[in-house]
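In the form predicted alone, a lone chain appears below as structure tokens.
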């Protein structure tokens, strides 16, 4: 049986409402039993510019978009100009009307969905219901059913994005206080947590800059609070001195690093995976840390939870590294996250930034210094041992294939979609630090690396930990600020299979 996979692009200026339109259709399709994925592409402007979302849905699981479009919804003329070239032969263009809700009605009719389903979604939306229902009724009347969808039965699914996963993971871990200075693409987490702070008894505080954020968090954590901070690469740079302080003072802190392209301001509203090295190496001196990389919203929730577990148990900084694409894209998921209880283990004591003796006083004695350094080394070994109790990597696809794709983070979705009928295995690394023992999984295999950066930052880490090198010709790297697309990625992988 042939599986259906449809791509709808919604485009317009900021303020014209492509987001609400995308989300209403996505939610409705998910509730009918379809698998839905959508991503957002927007410029760094509040009004005007060109924003677009691509919604892909199917009767089988889907976690990425394609480069070719079946339906183009143009809320302005610019959208048609830019994207017409990507329309499939026989694809539909919906244009010429200023209202996003008019198109909602039209799409529901084209796809043969009952108007009542749209009505329920608009009720849930709550805003401007009467106006929205009038507009969408018009669109529904003006359209004809022209696409036959594969019939599916409704499943117990949920529709969520990576930033909601991070927020839920923090709440379920017993978060007490979240400090942040707004920086795209980590900012939605402040909003998610602020909305839920009263019912969950947490405090969400925006301070004047990222240096204040991490120093305040270290202060809160040293009094026993479960503290977390969130930022992007540029803000994380400013936090590195505070990161070193947590390593010396032994304060447990969770840090959400949501990547976008750098260096400096880069392209503020786009995606990339260029910060693996700073997550691993930032801060001066030598101290243990945890670095975890989720690949979907469920893992975002689970790994945030594990970050709290380790930061409390070992009094270390735990970094969750994600990116704009995973943070802001919506996925249809069926399985519930696995949550590990983490006790509050931070205790009152004397904290300072110096090497210290047993009483917490600054010390310069050679024996004490050596003893403290060795204690930190021992702690790193204990963390490695404890990490073995968790799933540090996952494998998908054809087990024992001689072709092995290696990746981390958000490319997971496009990889899963593109290898369905290919002879390869996919190895997804979740634990960057401590790094899992992958030597036996990789030895003697044709290794293909896939990353959203220009130098393939996972490759030297693999070489360092396993002694295995990945050839440059087997690196599939995308570094234009955009995520991988399923159809294009599949071609790239096919060209590198043995």
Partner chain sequence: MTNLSTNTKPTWCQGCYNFQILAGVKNFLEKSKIGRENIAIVTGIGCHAKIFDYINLNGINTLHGRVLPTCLGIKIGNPNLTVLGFAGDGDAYAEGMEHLIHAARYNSDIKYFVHNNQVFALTVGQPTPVTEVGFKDKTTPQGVKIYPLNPIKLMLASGASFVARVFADSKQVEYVLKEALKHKGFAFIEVLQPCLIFHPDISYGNKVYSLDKVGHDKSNFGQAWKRAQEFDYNTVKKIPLGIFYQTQKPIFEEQFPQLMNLKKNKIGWKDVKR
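Numbering follows the first chain given and starts at 1. Keep in mind that what you see is a predicted model, and the values were worked out from it rather than measured.
Another form exists, predicted in complex with the partner chain; not displayed. Remarks below refer to it.
Novice: Select, from the options 289-297, 103-111, 213-221, 271-279, the stretch whose residues sit within 4.5 angstroms of the partner chain in the predicted bound form by heavy atom distance.
Specialist: Checking each option against the 4.5 Å cut-off leaves 213-221.
Novice: Out of 370, 146, 336, 201, which one falls within 4.5 Å of the partner chain in the predicted bound form, going by heavy atoms?
Specialist: Result of the distance check: 201.
Novice: Using a 4.5 Å cut on heavy atoms, which of 393, 351, 115, 396 is close to the partner chain in the predicted bound form?
Specialist: If I apply the 4.5 Å criterion carefully, the residue I get is 351.
Novice: According to a 4.5 angstroms non-hydrogen atom cut-off, is residue 360 in contact with the partner chain in the predicted bound form?
Specialist: Yes, residue 360 sits close enough to the partner chain in the predicted bound form that at least one of its heavy atoms falls within 4.5 Å.
Novice: Classify residue 179 as contacting or not contacting the partner chain in the predicted bound form by the rule of any non-hydrogen atom within 4.5 angstroms, answering yes or no.
Specialist: Residue 179: yes, in contact with the partner chain in the predicted bound form.
Novice: I'd like to check something about residue 241: if you look in the predicted bound form, is any of its heavy atoms closer than or equal to 4.5 Å to a heavy atom of the partner chain?
Specialist: Yes, contact at 4.5 Å.
Novice: Although the partner chain is absent from this view, report whether residue 205 comes within 4.5 Å of it in the predicted bound form, heavy atoms only.
Specialist: Answer yes; at least one heavy atom of residue 205 falls within 4.5 Å of the partner chain in the predicted bound form.
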